[in-house]
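Next comes just one chain, in structure tokens: the form predicted alone.
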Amino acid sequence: MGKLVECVPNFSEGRRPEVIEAIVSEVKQVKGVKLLDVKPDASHNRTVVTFVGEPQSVKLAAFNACAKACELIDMEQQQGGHPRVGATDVIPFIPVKEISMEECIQLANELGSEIASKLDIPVYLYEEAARVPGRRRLPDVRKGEYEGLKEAISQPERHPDYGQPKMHPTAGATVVGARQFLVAYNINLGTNDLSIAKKIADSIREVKGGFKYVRAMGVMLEDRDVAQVSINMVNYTGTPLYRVFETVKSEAARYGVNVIGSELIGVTPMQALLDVAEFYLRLENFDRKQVFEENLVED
């Protein structure tokens, strides 16, 4: 195998299976791309798709999926619990094997240019591909979300990196970038009090003085009537999952609330889970090669 890049586009649709399947089928049809995971979320009205492959094939699959989302998702009608700016909300490229971050940045620029010129969707660059320092963090790019960006995009400081400073009439805008592995991790609380989830999220967020590399917000899972702390771990080695889980559990207890479960969204690096196992099992002198499946993987 040669160069491998991962792509994890997020689409603003999690409730219509036929639309999700139409978008995913665009990925399946591209030679040289392997679909790893499809994670729809009805409460967030969002689907996270994960695939990997040769760089140019992955870029093509991402473009085709974005084009299909543009065709089938109307942001004027879309509603959901997750921040978003467009039908295809975000498309990150992640280096996996024999490919540099600089090459992923180049892919992001190539894709951003194509989306803007061929689909007439304005594109913002984020994370390692960001051209504007204030746009490195995805929440900063999404400020105001779809509804707010419709007005703000005309302001010089909010002009897109590619395309005209106006939203696509139905598909909105798209954010494209390059980054390291991110672990999307959600913790569900035994309460329907959203204010508690928001307070806990604030306690762990880096920008609020919490853990470095942690971004979090409180949301409601309407279909379960449960409040959730939705978390993005942008560096799982710098701040491990178990540290965040223990803190959320402790903070929830302050409000007389239990943690009733947690979930991983999309594909997660094995090491992130091995770190959790090592912590909770209190393993001594643990080595990754002690994992059976790890010994089956050829170097």
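A residue's number is simply how far along the shown sequence it sits, counting from 1. In this text the structure is predicted, and so the values were computed from the model without any measurement.
The form predicted in complex with a further copy of the same chain is left out here; the points below concern that form.
Colleague: If you check in the predicted complex, do 9, 28 and 213 all have a non-hydrogen atom within 4.5 Å of a further copy of the same chain?
Modeller: Answer is no for this spot.
Colleague: Give a yes or no for residue 63: in the predicted complex, does one of its heavy atoms lie within 4.5 Å of a heavy atom belonging to a further copy of the same chain?
Modeller: Output for residue 63 is no: heavy atoms all beyond 4.5 Å of a further copy of the same chain.
Colleague: May I ask you to check whether residue 205 falls inside a 4.5 Å heavy atom distance of a further copy of the same chain in the predicted complex?
Modeller: No - in the predicted complex, heavy atoms of residue 205 and a further copy of the same chain never come within 4.5 Å of each other.
Colleague: Is residue 39 near a further copy of the same chain? Define near as a heavy atom within 4.5 Å, in the predicted complex.
Modeller: Taking the distances in the predicted complex, the answer for residue 39 is no, it never comes within 4.5 Å of a further copy of the same chain.
Colleague: Does residue 185 reach a further copy of the same chain in the predicted complex if we count a contact as any heavy atom within 4.5 Å?
Modeller: Yes, residue 185 sits close enough to a further copy of the same chain in the predicted complex that at least one of its heavy atoms falls within 4.5 Å.
Colleague: Among 170-178, 142-150, 185-193, 205-213, which stretch has residues whose heavy atoms lie within 4.5 Å of a further copy of the same chain in the predicted complex?
Modeller: Heavy-atom contact with the partner occurs in 185-193.
Colleague: Answer with one of 132, 96, 220, 217: the residue that has a non-hydrogen atom within 4.5 Å of a further copy of the same chain in the predicted complex.
Modeller: Looking at the other structure, the residue within range turns out to be 96.
Colleague: Pick out the residues of 259-291 whose heavy atoms come within 4.5 Å of a further copy of the same chain in the predicted complex.
Modeller: Contacting residues: 259, 260, 261, 262, 263, 264, 265, 266, 267, 268, 269, 270, 273, 274, 276, 277, 280, 281, 282, 283, 284, 286, 288, 289, 290, 291.
Colleague: Compare the CA separation of residue 240 and residue 105 in the predicted complex with the one in the displayed structure, and answer closer or farther (the difference is at least 3 Å).
Modeller: Pair moves closer in the predicted complex.
Colleague: Classify the change in Cα distance between residue 49 and residue 264 in the predicted complex as closer or farther, relative to the shown form (magnitude of 3 Å or more).
Modeller: Here the pair is closer than in the predicted complex; there, farther apart.
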